Ligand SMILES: NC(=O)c1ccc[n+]([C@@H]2O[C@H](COP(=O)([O-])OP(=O)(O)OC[C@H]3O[C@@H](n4cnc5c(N)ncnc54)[C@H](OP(=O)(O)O)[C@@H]3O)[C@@H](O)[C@H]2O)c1
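Have a look below at one chain only, the form predicted on its own, in structure tokens format.
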């Protein structure tokens, strides 16, 4: 690979690809040569001459002078082929494709290690916030006790708008779409898939565990009402979509849930489209990183920084240990729905009231049971907010099986 000028193939020219292209021309000190840009739509008007593009991504993927790939597509099938082929050929890859990476992380990490080919994806985790770089270098030799954060700018903008302007979720979402913070189909953001993808990427660098996205307890903000914000405000709290991952037994627990936060919590003041992530380290304590988690230039900047890093190597994966056997935990939640009969038997109810034709229940529930009920809750448009309280479940037998109906709980409640 040339040390003077690197020949790069750019796959995708949406907002993120354009941000990278612009910054590469401004900041790369003439070290980057983008040989071609692969795109799908031949009819779309673009800011560059047509000669800069190819409409066959395989042509660029197999170009003889290709030395590094920047993958910023929205096509999961093509993206998978691009990353896998490049790694097998020993071509370093920088990607912003969080869904693709999270769903294929174990395979891609294995390929990167076996071929000794860098695969970097800072831009996929939290936009411009250098969280993976921090975990992979500064915290490489220190035990991390937890990662917690606001890692989706769209939902943070919506929740902030609802609280500050007293508007409904629907109005806040429409405003976010008009400003370009939310897609026309906002499902990945408002139903918390995007944050779950990012949490899976963070977990391998914090704890060495490759977390299956399907094992993350995920519930979005679609059914948060103005009244929920008012209730939280009366208790001197705010509601944020919080991603949280921490060790549990030989595995890890991953949660992405609307959560009550005390006003003094650092995340309470993180508003609009900003993101923030806390690393809770065993020896050095809590570290807070805050910045723009999305946008053309912030994400493009993360891609460019990864390109520079790829020239000297990739991630170390020093903590990698694939064993997964998480202990059970319970969380305290506030559920609001018309008919809780389907889930009632799984709850340790603390409080139950009727409100506007719904039943509002504050209860403890095992996260495994709650994961199994997410489809039912979404189908019935149930509100779900975590109070932020977590407690461990003591194992009941030598086989380490957990009983959901007969169990003893540790006296300690983890906050």
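Given the structure is predicted, the values throughout are model-derived calculations rather than measurements. Residue numbers count along the first chain shown, from 1.
Keep in mind that the form predicted in complex with the named molecule is not shown, yet the notes after this line are about it.
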- Task: Check whether residue 205 has any heavy atom within 4.5 Å of a heavy atom of the named molecule in the model of the complex, and answer yes or no.
- Result: no
- Give a yes or no for residue 57: in the model of the complex, does one of its heavy atoms lie within 4.5 Å of a heavy atom belonging to the named molecule? yes
- Verify the contact flag for residue 75: yes if a non-hydrogen atom of it lies within 4.5 Å of a non-hydrogen atom of the named molecule in the model of the complex, no if not. yes
- Message: When the contact criterion is heavy atoms within 4.5 Å, does residue 340 count as touching the named molecule in the model of the complex?
- Response: no
- Query: Taking 236, 255 and 388 as a possible spot, do all three reach the named molecule in the model of the complex with a heavy atom inside 4.5 Å?
  - Reply: no
- Find the only residue in 41, 354, 65, 49 having a heavy atom within 4.5 Å of the named molecule in the model of the complex. 41
- Query: Within 4.5 Å of the named molecule in the model of the complex, heavy atoms considered, which of 87, 333, 279, 96?
  - Reply: 96
- Message: If contact means a heavy atom within 4.5 Å, which one of 295 to 303, 214 to 222, 243 to 251, 140 to 148 is the stretch that engages the named molecule in the model of the complex?
- Response: 295 to 303
- Any residue of 4 to 27 that, in the model of the complex, places a heavy atom within 4.5 Å of the named molecule: 12, 13, 14, 15, 16, 17
